[in-house]
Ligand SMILES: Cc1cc2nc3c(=O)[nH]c(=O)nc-3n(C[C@H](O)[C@H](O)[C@H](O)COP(=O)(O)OP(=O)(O)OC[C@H]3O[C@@H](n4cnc5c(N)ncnc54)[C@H](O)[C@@H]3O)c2cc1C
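Next comes just one chain, in structure tokens: the form predicted on its own.
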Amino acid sequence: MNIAVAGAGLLGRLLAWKLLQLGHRVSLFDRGSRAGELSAARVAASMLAPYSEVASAERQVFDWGLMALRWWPEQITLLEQQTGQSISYGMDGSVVVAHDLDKSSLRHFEQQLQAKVPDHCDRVERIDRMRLRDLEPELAERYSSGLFLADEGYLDNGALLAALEAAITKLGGKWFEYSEVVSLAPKRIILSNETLAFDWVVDSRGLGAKAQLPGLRGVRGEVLWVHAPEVNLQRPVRLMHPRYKLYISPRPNNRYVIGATEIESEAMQPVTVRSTLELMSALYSVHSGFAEANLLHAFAHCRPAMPDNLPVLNCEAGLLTVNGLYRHGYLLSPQLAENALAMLAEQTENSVTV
């Protein structure tokens, strides 16, 4: 089939890549370039943290997240084989710590997990200083206890998006860069100067679909990228705090993605001074080596979310809508993409049968 994908963010790229492998012709439309500089997928720590997220989310987030932990290594291996590009990732768990004055936040977090996923709490390990020294030696001097979440990980989102672009291009996908989709309909993409016809249209535009998806809103997120030669963390680290939950996600060559902010706002202006100061001061409290880190980037973006903060998947003849990944993009996109492909196949089979 001839399929259009509107919105070349994480979901759009995954679906385009999969559809091309199934033998379909795919055209991608995006208001930015194929580098994805305007995508919310770039402004993410891309942590694969089902336990950390389910504490304040629905059980579905946890179940789909466990699936992602199995799915991503297989797909990354395939992407690397197709493109020759390396994608850094880790599936060795994450560490959760808290300063002595904030231990109540850590206990509350553990209680939330016991309530939300009682059938998986055997994978939540209370750790002392000695165990922490085994996992992350550089944290052991500052923290005497914490939690180890064995079934968590991370991936390098920048490398992943670049590899998906390369794979899509290699498989014959057609890119329509800087193409603002004014509107769309079943089997139709409407641009400012023309209307194009397809067998199917996939709408994965994020906030760009707000006019056509009632209830869709933006939730602002801010992240910092730092280079810290004096810091050597192998796993994602979360710092529990009464006001915010700082996360640190490692990247190759002593680079780290730092974030914590989640603001009910669709403002797209740069990261604020207040957020930067709060993130940096909290970062230094985790590891003194961050004092000598270089600030590489400060990114802000709005992530698309529905009222229940769960993704939406709708299908009608000729139009498939996938959206609303909220802050769980890399955690939920594998299951959502597979569900979308299955729904598309079913609809196509039914139409052929009829």
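Numbers follow the displayed sequence, beginning with 1. Predicted model only: the values in this text are computed from it and were never measured.
Beyond what is shown, the protein has a form predicted together with this ligand; the following relates to that form.
- The candidate site formed by I3, K187 and V202 is entirely out of contact with this ligand in the model of the complex, as no residue has a non-hydrogen atom within 4.5 angstroms of it.
- For the options V124, V97, V223, V231, the residue carrying a heavy atom within 4.5 angstroms of this ligand in the model of the complex is V223.
- The single contact residue among A40, V286, A57, L319, judged by any heavy atom lying within 4.5 Å of this ligand in the model of the complex, is A40.
- In summary, the region of this chain contacting this ligand in the model of the complex, judged by heavy atoms within 4.5 Å and restricted to 59-67, 290-298, 311-319, 23-31, corresponds to 23-31.
- The closest heavy atom approach of S52 to this ligand in the model of the complex falls outside 4.5 Å.
- Residue contact check for D134: none of its heavy atoms lie within 4.5 Å of this ligand in the model of the complex.
- Among heavy atoms of V181, some come within 4.5 Å of this ligand in the model of the complex.
- Although the partner is absent here, Y247 is a contact residue: one of its heavy atoms lies within 4.5 angstroms of this ligand in the model of the complex.
- Along 328-342, residues H328, G329, Y330, L331 each place a heavy atom within 4.5 Å of this ligand in the model of the complex.
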